[in-house]
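We begin with a single chain expressed as structure tokens, specifically the form predicted on its own.
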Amino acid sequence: MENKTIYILAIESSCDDTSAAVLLNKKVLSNVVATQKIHQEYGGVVPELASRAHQQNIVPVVHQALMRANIDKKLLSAIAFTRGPGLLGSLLVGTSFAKSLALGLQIPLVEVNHMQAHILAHFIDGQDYRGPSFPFLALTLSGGHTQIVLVKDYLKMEILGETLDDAVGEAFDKSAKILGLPYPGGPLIDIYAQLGNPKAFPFPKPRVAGLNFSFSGLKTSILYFVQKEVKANPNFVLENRNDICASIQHTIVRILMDKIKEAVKQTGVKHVAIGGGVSANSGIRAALKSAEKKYGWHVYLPKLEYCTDNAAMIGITGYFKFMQNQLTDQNISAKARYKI
């Protein structure tokens, strides 16, 4: 099987990005992403609008992926798709399309956990480093999830800690909304943070036992802080935007680093990888590279194109599952809450 030519068509539709990719074994031949702009008008993702946009985008996106890969769909070995977690309506579009196409082509179907895929994106061929050695710790950071995962093998993972309420991506986006920044605001906080003083405004770090996270209290403290300062000076946010963003990002990075350091201490595992949309954040990436030098860790940062939701990561996960004959059937259904 290792030397066999395997073409995987992968489909990702967990939130507001419709994506399709074609992989030849572990190499990405195409990775097409259609991003939905309509949610910017509402300051966040509207589930019903997201699922409708997926219905409009999925056929042309899959067609483009096959065209760019320059292969006929009859050469496909299997179809991998995101089963969950995510928005149920969005997941249903991708799941239904994948099932129908697999049935029509009479090829195997492989269901994929979205968060598992963020971790396995590190094993896509063509990156600037070899994938992490097993075992390694994965810090998964997205709009809906924050987890520390012990990865024992490609398909053997154990969650050591996770958020008890809000995810780190939501903390960034909601903080940005408090500051009056447009959606999605997380990347804007990162941009402004690079121009500000990270210690200008100290925000409290939540005390959470073990390796779990909590960001709801931090979000509330930022809201109350801004409300208080704006009451005294209506121009406070405008005059101090860079410093506020730098302070918010500094606090979030400290929370994440404290937990991953504790995870390394508890497990003795010094190989650390990150994944998920928020892993594109420059402050988090810089903190991990600094820790690599300071503590002798081996840190793995994915290419930015594989941080945000994309079908290539679904494809590499589908490849590993296909190799182990972990296939599914037409009775499979989408699952909004789906643990690794």
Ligand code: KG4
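Quantities reported herein were computed from a predicted structural model and do not represent experimental measurements. Heads up: residue numbers just count along the shown sequence, starting at 1.
Unshown form predicted in complex with the named molecule; subsequent notes refer to it.
Trainee: Ok, Gly169, Gly161, Gly196, Gly84: which has a heavy atom sitting within 4.5 Å of the named molecule in the predicted bound form?
Mentor: For this set of options, the contacting one is Gly169.
Trainee: Which of Glu262, Asp243, Asp165, Asp190 has a heavy atom within 4.5 Å of the named molecule in the predicted bound form?
Mentor: The option sitting close enough to the partner is Asp190.
Trainee: From the candidate stretches 286-294, 50-58, 63-71, 307-315, select the single one in contact with the named molecule in the predicted bound form, where contact means a heavy atom within 4.5 Å.
Mentor: In short, 307-315.
Trainee: Using a 4.5 angstroms cut-off on non-hydrogen atoms, would Pro302 count as touching the named molecule in the predicted bound form?
Mentor: Output for Pro302 is no: heavy atoms all beyond 4.5 Å of the named molecule.
Trainee: Is Asn281 a contact residue for the named molecule in the predicted bound form, using a 4.5 Å heavy atom cut-off?
Mentor: Yes, Asn281 sits close enough to the named molecule in the predicted bound form that at least one of its heavy atoms falls within 4.5 Å.
Trainee: How about Gly131 - does it come within 4.5 Å of the named molecule in the predicted bound form, if we only consider non-hydrogen atoms?
Mentor: Answer no; every heavy atom of Gly131 is more than 4.5 Å from the named molecule in the predicted bound form.
Trainee: Decide whether Pro135 counts as a contact residue for the named molecule in the predicted bound form under a heavy atom distance cut-off of 4.5 Å.
Mentor: Answer no; every heavy atom of Pro135 is more than 4.5 Å from the named molecule in the predicted bound form.
Trainee: With the named molecule taken in the predicted bound form, which residues across 129-163 come within 4.5 angstroms through any non-hydrogen atom?
Mentor: Those in contact are Ser142, Gly143, Gly144.
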